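Only one chain is included here, represented as structure tokens and corresponding to the form predicted alone.
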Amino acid sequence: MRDVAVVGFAQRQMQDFDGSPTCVELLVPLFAECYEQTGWSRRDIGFWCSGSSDYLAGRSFSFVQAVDAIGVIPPVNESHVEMDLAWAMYEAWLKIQTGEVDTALVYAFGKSSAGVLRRTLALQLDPYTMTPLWPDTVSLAGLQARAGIDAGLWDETAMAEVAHRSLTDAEKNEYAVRKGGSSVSALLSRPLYADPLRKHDCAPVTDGAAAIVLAAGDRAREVRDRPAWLTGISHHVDPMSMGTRDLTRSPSTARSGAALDLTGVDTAELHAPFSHQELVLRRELGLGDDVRVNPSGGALTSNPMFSAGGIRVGEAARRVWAGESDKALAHATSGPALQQNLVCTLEGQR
């Protein structure tokens, strides 16, 4: 296996992006920031891969328009996944493993504010038994949260503690669209939104984009004194049918974590769009109280569709670069109620 590291990362997150659904206006400055971090130009990038959704953009082949941000000359080796940035990164990691390229830039974008996000996401459900009912994502998450409460696995106080910590940590994150914790008791006094969820238990609708740069071996060392080496990566998926799953568990997360060596993880960036989902993920990954979870504030403070999972990777890499973490875990999720999950580890030494 070739040694591959994250050597560049850029992001933009906002409540309402006043631009096209392809977010090409956001991608151009993101790429420029990645070039500045690495000292490269687009001629140094061996492979490009993007993540987005035509359903979210409301037009077919929307990712083709986003390719305009790369530039016409020279022609590029480009691919696309109808998934989060983290899965685009996985494809790029595989491309580097083949030996065909040594570098890759992956990016993703989404303008969630263009429609009613919680209704749009119903289109990812079983098309025969679920989508015709149009159950929205918040209501499904509410059912999941209630199942855990009824099973005695967590309570509303535990959920509020997650939200309070996330909002407090987000005060140091310039890209968070929601920040500023008050107190757990103050959060619990707020009205219910989708019983047992309150609004602070749910990720805010967020527009945004992000980009990650990968490099192999010496190319990574040329760019960073302390690259964030991808020492493990794995992803699994659970059944589509909600009725066949125990919503208080996430077997795909557990399987992905079991495929990696999580010994020594000191920081974890978990893609949990709802407060109780962080509790599920921590249990499935076996993360102890000594692991710092979501120091960026996580998805509860900003959650741009198709970028938020990859942003967890970028935030983890930033802490490895800075020497704040020796071994970090990053997680991304897709689908309803933690259906599909990717887990990776990043280390400062290789």
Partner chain sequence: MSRTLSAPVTVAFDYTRSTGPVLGRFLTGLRDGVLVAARTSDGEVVVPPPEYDPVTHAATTDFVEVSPTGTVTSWTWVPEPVAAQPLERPFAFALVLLDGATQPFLHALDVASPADATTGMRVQVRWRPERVGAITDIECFEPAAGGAPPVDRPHSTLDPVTGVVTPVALDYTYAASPEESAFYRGLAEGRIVGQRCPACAKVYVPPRSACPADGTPTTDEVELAHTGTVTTFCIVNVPFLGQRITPPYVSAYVLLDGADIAFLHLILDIPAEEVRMGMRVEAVWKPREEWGTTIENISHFRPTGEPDAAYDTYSQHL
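Keep in mind it's a predicted model, so treat the numbers as computed, not measured. Positions refer to the first chain, counted from 1.
Same protein, other form: the form predicted together with its partner chain, not shown, and the subject of what follows.
Student: Is there a non-hydrogen atom of Leu167 within 4.5 angstroms of a non-hydrogen atom of its partner chain in the predicted complex?
Tutor: It does not: once its partner chain is placed as it appears in the predicted complex, Leu167 has no heavy atom within 4.5 Å of it.
Student: Check Ser79 for me: does it contact its partner chain in the predicted complex (non-hydrogen atoms, 4.5 angstroms)?
Tutor: No, Ser79 sits far enough from its partner chain in the predicted complex that none of its heavy atoms falls within 4.5 Å.
Student: State yes or no: in the predicted complex, is some non-hydrogen atom of Ala69 no more than 4.5 angstroms from a non-hydrogen atom of its partner chain?
Tutor: Although its partner chain is absent here, Ala69 would touch it in the predicted complex, with heavy atoms inside 4.5 Å.
Student: Check Gly243 for me: does it contact its partner chain in the predicted complex (non-hydrogen atoms, 4.5 angstroms)?
Tutor: Close contact exists here: in the predicted complex, Gly243 approaches its partner chain to within 4.5 Å, heavy atoms only.
Student: Among 189-197, 273-281, 87-95, 208-216, which stretch sits within 4.5 Å of its partner chain in the predicted complex, heavy atoms only?
Tutor: After filtering at 4.5 Å, what remains is 189-197.
Student: So which of Ala147, Val184, Ala158, Val101 gets a non-hydrogen atom within 4.5 Å of its partner chain in the predicted complex?
Tutor: That would be Ala147.
Student: Let me know the one among His236, Lys179, Arg249, Arg118 whose heavy atoms come within 4.5 Å of its partner chain in the predicted complex, would you?
Tutor: Looking at His236, Lys179, Arg249, Arg118 one by one, just Arg118 meets the 4.5 Å heavy-atom criterion.
Student: Determine the residues of 74-111 with a heavy atom within 4.5 Å of its partner chain in the predicted complex and present them in sequence order; the list may be empty.
Tutor: Sequence-ordered list has one entry, Lys111.
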